[in-house]
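Starting off, we have a lone chain in the form predicted alone, written out as structure tokens.
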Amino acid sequence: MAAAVGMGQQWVLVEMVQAFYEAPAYHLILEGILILWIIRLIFSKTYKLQERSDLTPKEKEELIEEWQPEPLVPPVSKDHPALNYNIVSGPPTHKIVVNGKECINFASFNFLGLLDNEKVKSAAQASLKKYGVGTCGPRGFYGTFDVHLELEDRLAKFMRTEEAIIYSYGFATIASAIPAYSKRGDIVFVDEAACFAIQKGLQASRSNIKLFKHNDMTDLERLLKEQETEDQKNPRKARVTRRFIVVEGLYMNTGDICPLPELIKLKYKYKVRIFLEESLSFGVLGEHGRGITEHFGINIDDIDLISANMENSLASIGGFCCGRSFIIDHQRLSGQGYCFSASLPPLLAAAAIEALNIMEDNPDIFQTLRAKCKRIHRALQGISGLRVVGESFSPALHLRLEDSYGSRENDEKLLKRIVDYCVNRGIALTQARYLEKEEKCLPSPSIRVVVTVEQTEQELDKAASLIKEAAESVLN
């Protein structure tokens, strides 16, 4: 028995030696390195922490006295525009009282003049008596009133979509809608001139963001082709990665219209989804004010999601999204602004419904607005030192300096002097404001000129003449 065991051990040893000779050279080298590393670890000295001397109480007190904490917020100059308000007295309608002086309003986004409309105010007052002031609860927690459902139904029918959803805050609408669909790992192609609300939505989504040059479809297609090539390298990942294009109908920061027909072609060519933000174009473009899809005669079903606020043309508060039912219903579970914010006060929902009634009953109002936009756009051409930015039919135009005066701060001060010159003479304008450290692509400083249907031709001409006079006085 013992002899058999001895023979077995000898046979195992022979096999080990044979395997050693047959093993590849790289395998032997790797094992040798590992053995040497183990030997080194066993016999190496243990690591000694660097000796430190304890500080005396006096030295500690001196260090504490020398330490200066970083400020909680950066220092802000007392003359910063955000700390110096223009005080408005009364409703910001056709005529607005700014710092005690009555002016013609070229600053508020009251495009259709419905903010002080008697029918709208009567509808809001009747709702106030019936429902009270607010809701004190989100839509899912006793915050859904019958007037909310009526407004959503009316918006869906007006936009000719299957369903609509309303939010109580305009900014939060697109900022909540984007992260409801686009998640970490997804890819979003977005115009570099996109408004701040879109930027916040993209940030919340934590998606992979790819910026393309403003309204440059060639640059967008370049990015789409690059992504298509990447997808071919990793088809498994590509199958679970969603791709979106996010654009505005009329861009808030430029007044330009997006080339939607070209976007639709790219959508189907590269299989991406389109999110369209229409806060500036809803109630402005199209024969009936339905926005850019009606303007170009495009089937609204070609757009995956449309978003707009109700704070411009409808002269209310909040915003809405519309599209196919399965897309909109998803927001009722995932739209943060919808799920966690108190719902829209019923009086504002009633006001928005009445504003829709007026838009449907008076389709000529949109032609009137476009005619006035074109009139002032034409009148503002040729001003020395300033250039007009934006489409001729955009109700929000930008006036930018032709040449910079050394720094952004200097440019803003000059534009402020032009604004103050006009306000002191009865024309209320405003500068476009941005969070400079937060913007992805900071727009150039500008004066924003807003057109409404209430402004007369004489007032439009007066405003253009006064802006020209102010520019000559300040810049020359």
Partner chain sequence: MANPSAVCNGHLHHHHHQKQNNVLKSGVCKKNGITKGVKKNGVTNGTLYKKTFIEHFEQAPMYVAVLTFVGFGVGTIFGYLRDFMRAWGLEKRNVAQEREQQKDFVPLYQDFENFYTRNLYMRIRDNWNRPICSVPGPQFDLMERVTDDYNWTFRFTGRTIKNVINMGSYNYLGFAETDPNALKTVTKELQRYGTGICSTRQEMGTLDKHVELENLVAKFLGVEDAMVFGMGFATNSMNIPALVGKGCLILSDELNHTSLVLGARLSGATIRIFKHNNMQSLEKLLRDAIIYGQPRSRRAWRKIIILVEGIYSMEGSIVQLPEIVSLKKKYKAYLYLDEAHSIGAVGATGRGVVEYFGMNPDDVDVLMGTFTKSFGAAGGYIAGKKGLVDFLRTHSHSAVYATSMCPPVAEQIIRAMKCLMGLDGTTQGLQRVRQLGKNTRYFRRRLHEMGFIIYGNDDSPVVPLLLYMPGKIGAFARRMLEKNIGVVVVGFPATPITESRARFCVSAAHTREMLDTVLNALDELGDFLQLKYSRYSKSSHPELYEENRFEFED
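The structure presented is a predicted model; accordingly, all values stated were derived computationally and were not measured. Residue numbers count along the first chain shown, from 1. Note that the rigid core is defined as the largest set of C-alphas that superpose within 1.5 Å between two forms.
Beyond the structure shown, there is the form predicted in complex with the partner chain, which is absent from this document and is the topic of what follows.
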item: The unique member of Phe212, Phe158, Phe296, Phe145 whose heavy atoms fall within 4.5 Å of the partner chain in the predicted bound form; value: Phe145
item: The unique member of Arg375, His94, Lys200, Arg400 whose heavy atoms fall within 4.5 Å of the partner chain in the predicted bound form; value: Lys200
item: Partner contact for Arg408 in the predicted bound form: the partner chain, 4.5 angstroms, heavy atom; value: no
item: Exercise: Lys233 in contact with the partner chain in the predicted bound form, heavy atom 4.5 Å; value: no
item: Asn110, heavy atom within 4.5 angstroms of the partner chain in the predicted bound form; value: yes
item: 4.5 angstroms heavy atom contact with the partner chain in the predicted bound form for Tyr421; value: no
item: The partner chain in the predicted bound form reached by all of Asp256, Asn362 and Ala464, non-hydrogen atom within 4.5 Å; value: no
item: In the predicted bound form, segment of 375 to 383, 286 to 294, 342 to 350, 221 to 229 with a heavy atom within 4.5 Å of the partner chain; value: 342 to 350
item: Residues in 358 to 390 with any heavy atom within 4.5 Å of the partner chain in the predicted bound form; value: none
item: Core-aligned C-alpha movement of Glu439 between this form and the one not shown reaching 2 Å; value: no
item: Threshold 2 Å Cα movement between this form and the one not shown at Lys60, rigid core reference; value: yes
